[in-house]
Ligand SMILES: Cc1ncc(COP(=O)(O)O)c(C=O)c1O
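The data below hold one chain only, encoded as structure tokens and taken in the form predicted on its own.
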Amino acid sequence: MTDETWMETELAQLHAQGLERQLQVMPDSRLWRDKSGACHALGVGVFMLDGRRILNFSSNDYLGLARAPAVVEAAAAALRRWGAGATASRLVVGTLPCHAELETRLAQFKGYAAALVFGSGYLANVGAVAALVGRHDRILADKLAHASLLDGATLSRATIRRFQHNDVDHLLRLVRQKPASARDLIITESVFSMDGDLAPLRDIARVAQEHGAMLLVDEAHATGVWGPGGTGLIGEWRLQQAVSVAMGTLSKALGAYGGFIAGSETLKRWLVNRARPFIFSTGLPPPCAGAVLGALDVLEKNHCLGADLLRRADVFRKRLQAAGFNTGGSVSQIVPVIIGDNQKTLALARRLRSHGILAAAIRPPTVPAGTARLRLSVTLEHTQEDLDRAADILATTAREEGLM
């Protein structure tokens, strides 16, 4: 038997540092019974645990679409028509009519000529980055860019340079150092997943255009929330001509699973031939494709969902700031409460859970050392009463823990 003591030793070190991660099985959130015995439906924003109602602030289902009837029925219809799986990679026999329809709808949604669907957002980022640059090229990535983007950068074998978070002047200095023979790929998120702040996309796009660099923008946490009809920050600022590669996920505001890249027809053809996670993965399951088509239908009929969510998040964030919490540069539905110390952050998360609030403790390496935090995701399934209650409990509990 293989010696695994080294794993146990390193896991013990992670535990001592407050960095060990463990899986938690979340309870069924569909139904609960009140004191009278009446049955009530619940969404992912709320669930029952040991007979108690728990507010969930750790979900990325920002618009509450994962259980929306129209989305569930669209997934079920695709399941009945096409089956549970695509049965093969997309380049063999795994491209079904639902995939073609989804890619057409996503391209229209994002304002691009074409789109290509991947098995996940992680695969989309890894595949696109590694396909666009090679060992003689450069990647200029925001310091806080998502791990999937950095993993793709590593696989590309390109030279990786990191610019300070949202620092356009630093980016410009790096761009001006480009060797004549290299291609440059600039990488950023539009809404940053752990800080909830926004990239200065218009300025970054201007730098990319002026210096002939490709620009990849990860819109995982902007899609469905920002921009007209939820088209993202690229759509909000009409930057489709400047942003050559737009990435989005299907697993957050759209309530399903998968990822996609939107861009030109040429880009799509290139990725079909060069993006290894696309070439060597089974196609997206038809129910996922159907669910996203249903979610896009919902967004087309309800243009204000994202704006409503952002208004609620703004009120909630201001309540937390007034109570003395550090919410960083957040201006989105993602509201961090930055504590700093790993163990103190874990302790606060445990105390909040005992009071009926589920808030994930985010620690390094997901965030920089010394910035451990609670990452609070506001969703449309949180009522104003829920948000007020959460803010009050958070403030009281933090004071009791000596964190204020």
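Numbering starts at 1 and runs along the sequence shown. Not measured: the values here are computed from a predicted model.
There is another form of the same protein, the form predicted in complex with the ligand; it is not shown, and what comes next is about it.
- Though the ligand is absent from this view, in the predicted bound form it lies within 4.5 Å of a heavy atom of just one residue from 263, 287, 121, 127, which is 121.
- This chain lacks the partner; the member of 75, 220, 106, 86 within 4.5 angstroms of the ligand in the predicted bound form by a non-hydrogen atom is 220.
- Heavy atoms of residue 110 never reach within 4.5 Å of the ligand in the predicted bound form, leaving it off the interface.
- When contacts are judged by a 4.5 Å heavy atom cut-off, residue 251 counts as touching the ligand in the predicted bound form.
- Residue contact with the ligand in the predicted bound form: residue 327 places no heavy atom within 4.5 Å of it.
- None of the heavy atoms of residue 195 is located within 4.5 Å of the ligand in the predicted bound form.
- Taken together, the three residues 148, 189 and 258 all lie with some non-hydrogen atom within 4.5 angstroms of the ligand in the predicted bound form.
- Between 87 to 95, 199 to 207, 140 to 148, 229 to 237, the stretch whose residues reach within 4.5 angstroms of the ligand in the predicted bound form through a non-hydrogen atom is 140 to 148.
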